[in-house]
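Okay, so here's just one chain, in structure tokens, the form predicted on its own.
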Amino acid sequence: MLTIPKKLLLGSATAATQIEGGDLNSNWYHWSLAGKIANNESSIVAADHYNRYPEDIQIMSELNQEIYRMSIEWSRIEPVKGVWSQEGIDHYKDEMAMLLKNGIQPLVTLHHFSCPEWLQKEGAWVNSDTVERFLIFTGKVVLELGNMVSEYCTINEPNVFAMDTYMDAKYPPGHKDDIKSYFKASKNLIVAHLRAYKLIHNIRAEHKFSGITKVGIAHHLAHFEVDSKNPLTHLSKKLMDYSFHDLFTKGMIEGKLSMPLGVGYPEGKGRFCDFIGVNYYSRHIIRSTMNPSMLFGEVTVDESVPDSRKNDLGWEIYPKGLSIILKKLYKDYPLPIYITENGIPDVNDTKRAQFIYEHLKELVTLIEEGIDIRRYYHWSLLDNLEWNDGYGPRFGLVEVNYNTLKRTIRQSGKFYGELIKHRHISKEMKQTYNIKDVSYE
């Protein structure tokens, strides 16, 4: 039997662009108009959560969820530069009020990959002026939400965002191998977080808003391993860890810029996170290559891993990697940890309950060892637009029929809801949901 400590709160996560629909002012809507999403799909409908959020919050309540991570769509709040939408502001206030009424504590993400189209046309994150625009937006949101929200995640996965935008051409404006823009945007994202951290604390203190103010990031941490003793491969792993992980942890937690982003502490020395959000999905194997644009390493999946240990996108299911990265992270930065994303695309819903069980087992063991893990947000509440991959990958605890928009709680969702309610996984639950204790070495 697996027992969940009371300190570990359980819930789910989403992002506005991926589930809301209806937003004509987002850069992702314009990206979809250009045919850049798989199967020429569009963000315009998504799961229609913007109109159906009362139904979705009721589902969260039925699943006994304690916490919910969601993002505010910047383009709904500021559809035109310098012009605030009261409709957008009131919508999110209503959503927060309904979450709180149902006993669900919100964690609000301020930047989750998307931005207004007007900002995209100005260069978005390669334009240093975007830092100030983001602070203006942040200040407006924090003032408007007031007492309803005390916890904020400033920026989601800055490393993935910069990589997929400026290196892999997956996100608008779709640059390819533009390493200069990668590092320029990375610096601006880091500085934006540092300044937003201070701003949120200052606003909430000045206005005496209730609740303990907590501000952090959601950092994508992958577990890298090498497939050989080739020195180039080991060098590649170090370069990837440095450019994909370390630049952002040092920058956003310590406030320190590292080369090639810069040097020193632009906002002074200190701690710029009250919690560290970790998004974890898989292990990646690095193989040597002579291609310098790939940092002399190719990121692949271990070919010996059977399909039963892969998700629908071919990523390896490797819970042990979560423990490995969290132990190192906590040793370097002994701050509260939130698992801000952890999930699996699984259209047939045959692996998700097992996936949740195995990853929670890792977290419970780590907590018993003294690591301060406080939240687990499963990705995702609903099936959603998986960015450039479109609607094919199914991450939801709740299935969305994209023809009718009907919601159906999957078996794995029922399992998770029962787990939250009882705080343990009994033998009976294991039998009901076909949960097994397996080795993934």
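Note that this is a predicted model, so its numbers are computed, not measured. Start at 1 with the first residue shown and count on from there.
Keep in mind that the form predicted together with a small molecule is missing from the display, and what follows is about it.
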item	value
Proximity to the small molecule in the model of the complex, single hit among Y416, F395, W31, Y376 (heavy atom within 4.5 Å)	F395
Residue among N156, S114, Q354, T138 with a heavy atom within 4.5 Å of the small molecule in the model of the complex	N156
Proximity of E386 to the small molecule in the model of the complex, heavy atoms at 4.5 Å	yes
Non-hydrogen atom contact E78 with the small molecule in the model of the complex at 4.5 angstroms	no
4.5 Å heavy atom contact, Q18 to the small molecule in the model of the complex	yes
Distance check, E341 to the small molecule in the model of the complex, heavy atom within 4.5 Å	yes
Option from 191-199, 115-123, 82-90, 274-282 whose residues, in the model of the complex, bring a heavy atom within 4.5 Å of the small molecule	274-282
